[in-house]
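What follows is one chain in structure tokens, specifically the form predicted alone.
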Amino acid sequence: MSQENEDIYTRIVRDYLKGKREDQLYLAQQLGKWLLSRNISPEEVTDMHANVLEHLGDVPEFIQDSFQILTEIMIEYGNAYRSFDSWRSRHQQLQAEIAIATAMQQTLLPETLPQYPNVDIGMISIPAKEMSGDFYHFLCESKSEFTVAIADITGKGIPAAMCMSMLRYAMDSLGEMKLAPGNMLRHLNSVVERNIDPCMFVTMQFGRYNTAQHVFRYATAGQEPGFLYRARENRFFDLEGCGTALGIAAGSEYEEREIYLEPGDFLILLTDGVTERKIGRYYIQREELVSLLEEETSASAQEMANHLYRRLLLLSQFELPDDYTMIVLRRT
């Protein structure tokens, strides 16, 4: 403790004992904040107070002795404060690292959606926390074909971001081979199974849309089933398909399915953050979700995605327990 600090403290104590004014208490508060900012420990403040009392006059011996007890107690408070300060520094460093990882994660996601004649594409992806475990990817293969993937990575935070990075670069590399959806998932499963922690896995739906024939061919790896809307029947169907999530079992095979879209038909690909939405004490059922979608069938793909998100957010009282991602592919 510097002599200057002790002099200031002495003056505050002396002035307060003379007049007991509120402004002196305010100065003491400000001095306390300043001492904290300089990492002055509680035991140092206790010792300083004992010294000040001796300078101001005779102090009874029992009061002087009592400061020894107080100092020992303040040492424990000081240790706790230093431990907290160390934790706070580590926390700030971690927050800075998470901010960098979040920014890097955003670079892994497409900035724009594909533009093709007679195909309307809408997409919304909202993370529940700073970093998302949801992943989506578009790749324009030709003037008449593009691929789309939607995935959910177990866990959150930096491990999920690292897995997302691996998926993105694996898909970009494999995309040059123009693999069929089932083969793409088979290769990705091999990559994920070899490179991520055994407690993690990835669910994914991967498909290729032919905009000339309006055929969507896809395969599923444990992903939440989406929806198919048939305009002629004015009816929603579940997107069929199953398969083992990526990273669980080596050598898994993935069945492919094919859908032809007529004008007005659309597909909805989604993660479980859409369907597993708690409203009050119960979770929304797929039938209830369909009833909400039925009110949006005349909207554009992007409007449909936005409207459903807002309605579900309102129904769940603005709680978002899991990452939320939806992609709409509509033949116009």
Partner chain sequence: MTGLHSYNITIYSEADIVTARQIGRNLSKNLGFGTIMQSRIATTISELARNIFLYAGHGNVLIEPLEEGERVGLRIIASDSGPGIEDVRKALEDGYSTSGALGAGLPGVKRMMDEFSLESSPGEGTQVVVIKWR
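Numbering follows the first chain given and starts at 1. C-alpha atoms forming the largest set that superposes within 1.5 Å between two forms make up the rigid core. In this text the structure is predicted, and so the values were computed from the model without any measurement.
Although it is not shown, the form predicted in complex with the partner chain is what the next lines describe.
A.B. asks: Does any heavy atom of E258 come within 4.5 Å of a heavy atom of the partner chain in the predicted complex?
C.D. replies: No, E258 is distant from the partner.
A.B. asks: Mark E233 yes when one of its heavy atoms lies within 4.5 Å of a heavy atom of the partner chain in the predicted complex, and no otherwise.
C.D. replies: No, E233 stays farther than 4.5 Å from the partner chain in the predicted complex.
A.B. asks: Determine whether any heavy atom of E76 comes within 4.5 Å of a heavy atom of the partner chain in the predicted complex, and answer yes or no.
C.D. replies: Within the cut-off, so yes.
A.B. asks: Can you tell me if E72 lies within 4.5 angstroms of the partner chain in the predicted complex, counting non-hydrogen atoms only?
C.D. replies: Result yes; E72 sits at the interface with the partner chain in the predicted complex.
A.B. asks: Given the stretches 58 to 66, 38 to 46, 290 to 298, 303 to 311, which is the single one in contact with the partner chain in the predicted complex, using a heavy atom cutoff of 4.5 Å?
C.D. replies: Result of the contact check: 38 to 46.
A.B. asks: Have a look at Q106, Q92, N118, S83 for me and say which one sits with a heavy atom within 4.5 Å of the partner chain in the predicted complex.
C.D. replies: Checked against the cut-off, the match is S83.
A.B. asks: Quick one: core overlaid, is M48 moving 2 Å or more at the Cα between the shown form and the other one?
C.D. replies: Yes, the C-alpha moves 2 Å or more.
A.B. asks: Relative to the superposed rigid core, does C140 relocate between the shown form and the other one - that is, does its Cα move 2 Å or more?
C.D. replies: Shift at C140: below 2 Å after core fit.
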